[in-house]
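Take a look at this one chain, the form predicted alone, written out in structure tokens.
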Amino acid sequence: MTHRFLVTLGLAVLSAPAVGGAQAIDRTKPPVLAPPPSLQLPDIATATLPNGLTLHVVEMREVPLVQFTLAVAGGGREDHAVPGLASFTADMLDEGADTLDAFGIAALAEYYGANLRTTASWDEIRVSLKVPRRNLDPALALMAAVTLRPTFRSTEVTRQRDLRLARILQERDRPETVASLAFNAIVFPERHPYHASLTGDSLSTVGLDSTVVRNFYHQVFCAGRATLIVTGDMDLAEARAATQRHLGAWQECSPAPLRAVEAKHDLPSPVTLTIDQTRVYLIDKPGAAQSVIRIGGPGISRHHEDYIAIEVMNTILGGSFSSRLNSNLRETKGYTYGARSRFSYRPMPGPFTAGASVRTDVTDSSLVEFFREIRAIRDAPVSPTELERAKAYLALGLAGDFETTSQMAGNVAELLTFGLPLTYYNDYVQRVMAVTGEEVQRVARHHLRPDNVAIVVVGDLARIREDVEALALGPSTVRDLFGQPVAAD
């Protein structure tokens, strides 16, 4: 009886007229979204310590956490004749400092509830620390020890060198890694910093020892080459005092560091990058169930005037789950779990890439669809629905990139890396929403060049080579995993 009463009451409520003259909801039409709100970031306070260390502070008082992100100019682009040296040096920082070994450093960090990490990118080496405010001082002392007093003991260097050599050998069995290594070696010729892997190769790694690493560290690690970004439960005065206590003794740069501290963006390329025609590079992986495809070439500068329009265009092409490439190759054709495209931004313009891991038996068909979509976004205007969806994807997703102290620090570091104003994101949403369909087609025509790209395919050549070459996309050659010609081809 109770159940029957509730059902009757529910039907009566649903059939009742709108109260107060309110309009009934038309459920056949999606709701209209309001314009995306602008993102107003907290102020970024800046100071410089007497030793030349630059400090940027963003207060985020919601939780009692503080993030310290120290960026030292001198990443992979400083490797020169020893590819992987910067990333190996970064890995060695927390393998021993003062009287602590790697286990002691890890144990102390865990005791303080801290997350201490050392990493390297193409542009810089980073030491980052996230810690509860109440354990700030001892954790910051640990970070300072790792930064200023790493030991680089021979035994630890040898152990880490051997581990890296083992990982490099393992990577040769991963088609995705092979495709990326070969693609970079083909697109960026010798003498270009991006020609080799950020982690180096077997030849460069085997020569690493404590003297090589220590010399690189002393040439690169000085206060004048460093920027410290502090985000979280701390203001500028508190951050400056804490930093001075623990990093104030850090030495200023010598008159002639490894390379003069230059603008860290739009660096000139040491070689001219040109792809005169589309060429196919095949790398054999016998018995592979999938083929890994990489298509692309040199990209653009982060400062390029078309940057915003390119981000909108690439979101439509392959930069989101609902993109054309993913919808076609994954949802419609079922060739892959995911297809994508992206422009990579680095101190020198990074590559544009489009790619996927596809079933071996549809390797040629997948290439056809990739080129179909790349040509389509050049040849025909995008639909208003696609355009608005892509702009909403970028504009509405922006706030989610600044939720945590780590995200805030990472985005501020990116602005500093590329020499962008700290107020860059204040009008980002407006600039995205102002992109038109005509601009999308214009930048696609100008920056996507299907007749001048490198195509790298890693797969079982006995099964795919004939079909791929039958597409006549361009001259084809067989290469090894380092992108070098195979003599027997």
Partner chain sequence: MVRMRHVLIILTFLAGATASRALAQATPLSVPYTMDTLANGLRFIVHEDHSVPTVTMNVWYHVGSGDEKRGRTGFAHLFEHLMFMGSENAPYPAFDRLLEGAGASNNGSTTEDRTNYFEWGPSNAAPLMAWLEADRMGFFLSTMDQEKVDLQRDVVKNERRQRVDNQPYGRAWETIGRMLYPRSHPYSWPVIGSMADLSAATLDDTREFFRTYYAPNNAVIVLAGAVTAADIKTLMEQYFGEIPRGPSITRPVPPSFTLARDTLAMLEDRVQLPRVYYAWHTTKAYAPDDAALDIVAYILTGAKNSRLTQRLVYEDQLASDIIAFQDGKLLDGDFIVRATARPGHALPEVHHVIEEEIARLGAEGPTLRELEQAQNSVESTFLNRLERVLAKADLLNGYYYFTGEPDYFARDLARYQAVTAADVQRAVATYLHAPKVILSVVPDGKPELAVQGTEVTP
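What you see is a predicted model, and the numbers here were worked out from it, not measured in a lab. Positions refer to the first chain, counted from 1. For the two forms, the rigid core is made up of the largest set of C-alpha atoms that agree within 1.5 Å on superposition.
Unshown form predicted in complex with its partner chain; subsequent notes refer to it.
Residue Glu62 is the only one of Asp427, Asp451, Asp43, Glu62 with a heavy atom lying within 4.5 Å of its partner chain in the model of the complex. Shown without its partner, this chain lists Gly207, Gly419, Gly397, Pro384 as candidates; in the model of the complex, only Gly397 has a non-hydrogen atom within 4.5 angstroms of its partner chain.
Against its partner chain in the model of the complex, the set Thr243, Arg442 and His446 makes no contact: no member has a heavy atom within 4.5 Å. By the criterion of a heavy atom within 4.5 Å, Arg167 is counted among the residues contacting its partner chain in the model of the complex. For Gly248, no non-hydrogen atom is located within 4.5 Å of its partner chain in the model of the complex, even though that partner is not displayed.
In the model of the complex, none of the heavy atoms of Ser344 sits within 4.5 Å of a heavy atom of its partner chain. Put simply, Leu163 is close to its partner chain in the model of the complex: some heavy atom of it is within 4.5 Å. Stretch-level contact check against its partner chain in the model of the complex with heavy atoms at 4.5 Å: of 296-304, 219-227, 325-333, 194-202, the positive one is 325-333.
Taking its partner chain as positioned in the model of the complex, the residues of 404-442 that bring a heavy atom within 4.5 Å of it are, in sequence order, Thr404, Thr405, Gln407.
The Cα shift for Pro421 between this form and the one not shown, taken after rigid core superposition, is smaller than 2 angstroms. Remark: with the core as the superposition reference, the CA shift of Pro450 between this form and the one not shown stays below 2 Å.
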